[in-house]
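First, one chain by itself: the form predicted alone, in structure tokens.
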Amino acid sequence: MQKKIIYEIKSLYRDHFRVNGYEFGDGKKSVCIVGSTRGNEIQQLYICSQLVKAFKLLEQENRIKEGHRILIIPAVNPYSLNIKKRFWPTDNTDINRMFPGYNLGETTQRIAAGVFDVIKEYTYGMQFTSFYTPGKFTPHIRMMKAGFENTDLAKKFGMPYVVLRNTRPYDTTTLNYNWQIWETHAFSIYTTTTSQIDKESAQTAIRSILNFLSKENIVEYHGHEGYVSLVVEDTDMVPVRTKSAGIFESLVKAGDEIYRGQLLGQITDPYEGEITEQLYSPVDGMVFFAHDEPLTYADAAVYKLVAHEKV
């Protein structure tokens, strides 16, 4: 293993800003794994730390196939992690909306450019990322429909679901999209949590990566092969939206099987204490996403369901 500084900014008043990487094996640039780009992505940081530990052992046991180089970057935004702020501390910009970056631009543009210059030529790119709304997911692989996606490759992870979604204008500045433009097979990996550590779903993610690399003949790994992945379109998911704001109580969690008409959650008036709304499932299926904050807005998608049959 080699520990490398991927990108560094000198600081006058505190320790320098450094993006560290851990490199295993040698030869062609085969796999790059990126963890936290935001300051609340603790689960993503934790998973990468456990992958570093796993690849140390694989390297010691000569189970990384010859001619393959693997790079793990646990955190792209350590300053924000230090103070538990989701975005860049000084101007609240999102590094994962700055790719491919600009080395003469704002600080986050320079960080994105410095990191991307190192990682843009890998065959496979895997990013542990988080959603823009608070909640918990069923573990899955997410891919943008940018014209380069390959669902057959994504199934090799053995995650329960592979989710395809249409590209939006702001996606063109994400790491995943720019990896694809540079002809890297890019995958966004979601586990259950973001700001809290969930060891069970973290282990699911670690096994999924080792499964994938084993099937691509990059590492030698013999373990549980995971699930036969179901490919779903993001637009096919059934949202359950609130009509009113208030205190939110969920009665189900991500991964639960549910039936049509089942009570999923309820909203309580924050001033008067009366239940103002009850949320029922419109389909038979499975809870893919569940909101997990105690408050909710009106017209918020607090659940996303995968129906057993298309509706």
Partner chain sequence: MIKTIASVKMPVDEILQIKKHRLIPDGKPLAGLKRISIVTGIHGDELEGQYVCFELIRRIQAQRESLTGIVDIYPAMNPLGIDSITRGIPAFDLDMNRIFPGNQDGDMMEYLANQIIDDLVGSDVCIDIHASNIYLTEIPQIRINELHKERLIPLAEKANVDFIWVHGANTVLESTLAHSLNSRNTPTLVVEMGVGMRITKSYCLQLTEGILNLMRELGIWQGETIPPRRPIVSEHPDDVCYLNASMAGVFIPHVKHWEKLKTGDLIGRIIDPLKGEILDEIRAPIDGHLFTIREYPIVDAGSLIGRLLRVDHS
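Bear in mind that the values here come from a model prediction, so they are computed numbers and not experimental data. Residue numbers count along the first chain shown, from 1.
Although it is not shown, the form predicted together with its partner chain is what the next lines describe.
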- Task: Give a yes or no on whether every one of Trp88, Ala245 and Tyr271 sits within 4.5 angstroms of its partner chain in the predicted bound form by heavy atom.
- Result: yes
- Item | Contact flag, Gly105 vs its partner chain in the predicted bound form, heavy atom cut 4.5 Å | yes
- Query: Wondering, does Lys215 line up within 4.5 Å of its partner chain in the predicted bound form on heavy atoms?
  - Reply: no
- Could you confirm whether Asp15 comes within 4.5 Å of its partner chain in the predicted bound form, counting heavy atoms only? no
- Looking at the partner-bound form in the predicted bound form, is Arg241 within 4.5 Å of its partner chain by any heavy atom? yes
- Among the candidates Thr123, Gln203, Thr173, Ser195, the residue which, in the predicted bound form, approaches its partner chain to within 4.5 Å (heavy atoms): Thr173
- Task: Spot the stretch among 179-187, 130-138, 221-229, 114-122 with residues whose non-hydrogen atoms come within 4.5 Å of its partner chain in the predicted bound form.
- Result: 130-138
